[in-house]
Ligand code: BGC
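Take a look at this single chain in structure tokens; it is the form predicted on its own.
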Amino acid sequence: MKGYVILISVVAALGGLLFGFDTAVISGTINFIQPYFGLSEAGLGWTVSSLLFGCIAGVFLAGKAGDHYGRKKVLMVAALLFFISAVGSASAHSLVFFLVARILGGLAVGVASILSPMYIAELAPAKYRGTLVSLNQLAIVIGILVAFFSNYLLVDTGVNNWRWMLLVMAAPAVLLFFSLFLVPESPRWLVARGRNDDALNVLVKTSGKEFAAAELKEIEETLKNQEESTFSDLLAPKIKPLLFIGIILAVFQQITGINTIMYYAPKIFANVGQSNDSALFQTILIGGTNLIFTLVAMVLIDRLGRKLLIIIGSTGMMLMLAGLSALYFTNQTSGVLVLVFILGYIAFFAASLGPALWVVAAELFPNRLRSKGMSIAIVSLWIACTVVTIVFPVMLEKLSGGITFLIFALICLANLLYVLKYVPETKGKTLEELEKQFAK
């Protein structure tokens, strides 16, 4: 029974793997596509961020489509879009064609970023929900690591090396599509559609016979007499504070600088004198650190709680970025300390804010508003990610690394103070218990 829940979560988390791969694979190509398409620093920022514009649209589409057609079917569509994007971007000979293919991939990333954790949260027993939703973040970082590793292996394949780097994504896209035939629909979505018997069958398999009936009743109670939700319902007095927490935490996850490292690590290392091969190898170390400390988060998130992890992580991220900034200010960037501080930053992020944001976002909102609330929060995340991705190359060129990373360190401090004051703890409670708690 527990194994069945893990199987469901792993299949859903394949969407996260593709999310991670598609967002990170571009990092290995930037030193090749920049001269190929004749891009300036600003043009490179816009090209790298093209996927993120698709993400924003994908999140909005996912919320509505996921409510109407079900989480599972929409994830299957996302798998097809991942495949089309991989083949299209790898075969592009014009910048416009390349951008269109990346935007289609962004649509898929946007869908996966909201529906994969939501689907897992709605199927997982409360006791293991934090760990199982964190599987999505684990899959994201595995996707990032696979992207970094495949980029490194393919760097010497000739002038078309960047095409092979992008094409690799087609394989996991096919795997996700066919794996989704093995898993059920979300029981909470089934109840919302009046399919209570189907929902009970799913709950028996995921929670056991002794708990299934009671859990079904609890879901029915929270959905009883509730009209079809609208986005304006998120502004109700008891929901609006939760919406603000979701938005602000999602924005902080991005503006603390994570994707400046994930997207531009080879460029950062090249700027301090590393060769392309060496820079790509060091991104593998980043991906490996990301993976190891995401596993640490999965062990701790249901024990220590979401809030404490974020507090510890934000403090560590701030210190690592401050140290990196100091290296730039003192012209000590030629040594190994640049890598040490970057790996330290990645470790603290992966053990805290990385997975915790997805867990908290899936837990904050009541059943009937979950898809819409998560849509707004995750759209905010992708908007913030887009802005940071566009401006980072220009910041690095115009402000210097010292000032740039100091700004990110101060943002980590602001995140720490916000979490201490406003973010609630959500561990160990069913989604229905949390709904009642937040409704008080």
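Remember, it's a predicted structure, so these values are computed and weren't measured experimentally. Residue numbers run from 1 along the displayed sequence.
Omitted from view is the form predicted together with the named molecule, to which the following refers.
- With the named molecule omitted here, the record of contacts in the predicted bound form names 246 to 254 of 199 to 207, 246 to 254, 185 to 193, 170 to 178, defined by a heavy atom within 4.5 Å.
- Interface residue among L135, A351, I219, V141, judged by heavy atoms within 4.5 Å of the named molecule in the predicted bound form: V141.
- W358 is the sole member of F82, Y345, W358, Y119 with a non-hydrogen atom lying within 4.5 angstroms of the named molecule in the predicted bound form.
- At the 4.5 Å threshold, heavy atoms of L381 reach the named molecule in the predicted bound form.
- A residue is said to contact a partner when one of its heavy atoms sits within 4.5 Å of a partner heavy atom; V146 fails this definition for the named molecule in the predicted bound form, lying far away.
- Taking the partner from elsewhere, N290 is found to have a heavy atom lying within 4.5 Å of the named molecule in the predicted bound form.
- Mapping the unseen interface onto this chain, T283 falls outside it, with no heavy atom inside 4.5 Å of the named molecule in the predicted bound form.
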